[in-house]
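Quick heads-up: it's one chain on its own, the form predicted on its own, in structure tokens.
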């Protein structure tokens, strides 16, 4: 019996009619039964710009964005030779976009609910167009069916970063997609979006299309989830920073998850959780080079190098809370993290001393007035912006003598502001000035990757 495969295609794989037909061929060659797509390249940013411009009140500028989005999608529709009934759906979606923008403009306000609704237009448009591309490539051997992902991907009502309901997703998948392995139908659906219990459109956060694919994979009991993007798999570091970056053939779930969380751009950080829960293999490849090896992400890997890869997370800030009250006191850290939880702000790395606690956060958090106000109740708050979090990802990192010596020798003239090591055997991370981050990556890549070749 063939594997049950979910394939996800990113925005660059949906860029135009040529890219869509290429991606459809990849889907056919790899026997995908469910295909999850992102919005066409750049469209989500255009929709966000449209909402922002509508709030500011400049309808003339809004119309320019609307025309640009309409022109792009009409061109793709024309080149793919959409049937009249499909073209009607495209026009209805474009009309919905314009109506939403007009409402935002009149109110001079874009609620999280409205923002989710207008952002959803991108994926809904691309999936209609891609359904025709798939049918064109598959011809009459298989039926291409459009599926509204909101009928299966149920979430809470936290607009902008909704939390999926795993049990309800599984139940919906069993009810609506019961015979995937046997039927001659390929379903094309949307990434990034879902629906709450009230029937309102939600989004999973930027980059959430990868997450959608693995959630659906878990829900239907898939054997494999393929993530097709514009790069041929995961590399040992960002090739734009280090031209000598090497492709990774196989990597474990835990290593890949650490890479995603600490700055690797190929995967969304939440992507691997459903795959890990359901033990679904994940493949990352390029729709532009489908014949390339790509990267397999599995529960475990035969090779377990000390350092597999390294990542950099830029635009970070170091937040330090200092108070003598912390010394020998219980509950202090709990109070601090309650404040972070209240404002839904996450922390990447943390270190403590007798009278202070330091943590790294995204730069935007440095300007979160309500959070900072709450934290000042616990002590003096200091912020250092323009930082970069550099991470080495590998195996047995917290039980390997001499690792720290090699790291700091390579970074001899680069000031390391904070070190976080020991909590995970897969990760060693530290903070440096943002402008020194790329140089730190280059040196460490030479020390731990290039010298081993």
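Numbering follows the first chain given and starts at 1. The model shown is predicted, which means the values in this text are computed figures rather than measured ones.
What comes next is about the form predicted in complex with aspartic acid, which does not appear here.
The single contact residue among 83, 277, 377, 206, judged by any heavy atom lying within 4.5 Å of aspartic acid in the model of the complex, is 206.
Proximity of residue 187 to aspartic acid in the model of the complex falls outside the 4.5 Å heavy atom cutoff.
Put simply, residue 391 is far from aspartic acid in the model of the complex: not one heavy atom of it is within 4.5 Å. Contact check for residue 427: no non-hydrogen atom falls within 4.5 Å of aspartic acid in the model of the complex.
Looking at residue 395, you'd find every heavy atom of it more than 4.5 angstroms from aspartic acid in the model of the complex. Proximity to aspartic acid in the model of the complex, taken as heavy atoms within 4.5 Å, picks out 206 to 214 from the listed stretches 104 to 112, 129 to 137, 338 to 346, 206 to 214. In this stretch, 170 to 195, the one residue having a heavy atom within 4.5 Å of aspartic acid in the model of the complex is 192; the partner itself is omitted from this view.
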